[in-house]
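To begin, one chain is listed below as structure tokens, in the form predicted on its own.
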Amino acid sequence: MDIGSTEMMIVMQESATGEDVDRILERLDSAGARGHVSTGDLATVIGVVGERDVIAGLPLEAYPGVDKVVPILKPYKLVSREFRRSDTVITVGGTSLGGGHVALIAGPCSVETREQLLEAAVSAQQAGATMLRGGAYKPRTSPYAFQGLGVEGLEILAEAREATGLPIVTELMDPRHLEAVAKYCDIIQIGARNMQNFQLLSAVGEVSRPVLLKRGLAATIDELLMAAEYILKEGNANVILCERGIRTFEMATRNTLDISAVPILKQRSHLPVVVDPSHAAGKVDLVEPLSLAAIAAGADGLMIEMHPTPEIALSDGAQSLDPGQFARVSKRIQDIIDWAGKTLG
């Protein structure tokens, strides 16, 4: 936040009315401040962001329905547990994520052909997946590698959703593609390379689609939460945090899965947490144990790469499960979801 700004919570009384909340929001707006409402099981909380000198002069505690006004101490405000005690639950297409609901997101790294994607989608759905992933726009290390099909890929993803009923998760790389991606997808993914692309984060904060935000290659947990704050600050409260492994000195895996990030994020934020074991491991045989560990650690979902024929995949074949492998891993994941006392979808 800018120097000279302040962040606080207005905790409303249990008996406070909608008119009481609206009256405070109108007063904050007239003072040039911003209020974000969070309705919990016991009380409604209004998060306030604005100029310190201006807010300090507002008699907020004197307004009808106000219980107390307290500062938020974390550098991230709207994503913090201080602002919202209960878990955020995100529901798309009849499936939920967070608050005891676990999502199993599966599909290929890239949409390559209509036949490939539809086969992957049907296999994922039959094996228990609750959402379909697939990249229409692909960020690649080499400029000569397959970059995705663009709008054609989005259209194929929409067709797969129609065929299977699975909500779509796909990556957005450029604000110029936002309108097209939001038109076709159910959840917008922001990849690790764009975690601190603040213009992109602000742009997705202004749309009504949930956002899956991946942790950057060398980002700290606080940096991930601050990136999420950019999205919530613009009004989009439906954000999913994704741990996908970070870059360390270890060479045995593609990245190092920070399994400790899962319980830490759950302690510090009300946002749901998903783990991507495929990008963390980079190896098919590590996907299952990392998936089970993630659910045991408290993850609200998994994002797993699955391809009908990994050996000829145009991207990430080495870490993609084939349909048979995914079906076996999915059953083990369901077992540990049951053990954790949660539900799939």
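Numbers follow the displayed sequence, beginning with 1. Rigid core here is just the name for the largest C-alpha set that superposes within 1.5 Å across the two forms. Predicted model, so just to flag it, every value in this text is computed and none were measured.
Just so you know, the form predicted in complex with another copy of the chain exists too; it's not on screen, but the next bit is about it.
(request) Would you check, heavy atoms only and a 4.5 Å threshold, whether Asp335 touches another copy of the chain in the predicted bound form? (result) Although another copy of the chain is absent here, Asp335 would touch it in the predicted bound form, with heavy atoms inside 4.5 Å.
(message) At 4.5 Å between heavy atoms, is Thr95 in contact with another copy of the chain in the predicted bound form?
(response) Although another copy of the chain is absent here, Thr95 would stay clear of it in the predicted bound form, with no heavy atoms inside 4.5 Å.
(message) If we define contact as a non-hydrogen atom of the residue within 4.5 angstroms of the partner, is Asp174 a contact of another copy of the chain in the predicted bound form?
(response) So Asp174 counts as contacting another copy of the chain.
(request) Report whether the minimum heavy atom distance between Val11 and another copy of the chain in the predicted bound form is within 4.5 Å. (result) Yes, Val11 sits close enough to another copy of the chain in the predicted bound form that at least one of its heavy atoms falls within 4.5 Å.
(message) Would all three of Arg52, Pro59 and Ala218 be in contact with another copy of the chain in the predicted bound form, where contact means some heavy atom lies within 4.5 Å?
(response) Verified in the predicted bound form; spot residues all in contact, yes.
(request) Name the single residue among Thr164, Gln147, Gln116, Asn238 that comes within 4.5 Å of another copy of the chain in the predicted bound form, judging by heavy atoms. (result) If I apply the 4.5 Å criterion carefully, the residue I get is Gln147.
(request) Work out which of Ile187, Met226, Leu154, Ala127 lies within 4.5 Å of another copy of the chain in the predicted bound form, going by heavy atoms. (result) By the 4.5 Å criterion, the partner-contacting residue is Met226.
(message) Given a 4.5 Å cut-off on heavy atoms, tell me which of 254-262, 100-108, 118-126, 154-162 is the interface stretch with another copy of the chain in the predicted bound form.
(response) In the other structure, the partner sits against 254-262.
(message) Under the 4.5 Å heavy atom criterion, name the residues of 280-311 that approach another copy of the chain in the predicted bound form, in sequence order.
(response) Lys283, Asp285, Leu286, Pro289, Leu290, Leu292, Ala293, Ala296, Ala297, Pro310, Glu311, in sequence order.
(message) Tell me whether Arg23 is among the residues that move between this form and the one not shown (Cα shift of 2 angstroms or more, core superposed).
(response) Comparing forms between this form and the one not shown, the Arg23 CA shifts at least 2 Å.
(message) Rigid core aligned, does the Cα position of Ile333 differ by 2 Å or more between this form and the one not shown?
(response) Stays below the 2 Å threshold, so no.
(request) Tell me, please, whether between this form and the one not shown the C-alpha of Val48 is shifted by 2 Å or more, with the rigid core used for superposition. (result) Yes; Val48 is a residue whose C-alpha shifts (by 2 Å or more) between this form and the one not shown when the cores are overlaid.
(message) Relative to what's shown here, the Cα pair Ser80 and Asp53 differs by 3 Å or more in the predicted bound form. Does it come closer or drift farther?
(response) Distance between the C-alphas of Ser80 and Asp53: shorter in the predicted bound form, by 3 Å or more.
(request) Have a look at Asn238 and Glu19: in the predicted bound form, are their Cα atoms closer together or farther apart than in this form, given the change is 3 Å or more? (result) Compared with the form shown here, the C-alpha atoms of Asn238 and Glu19 sit farther apart in the predicted bound form, by 3 Å or more.
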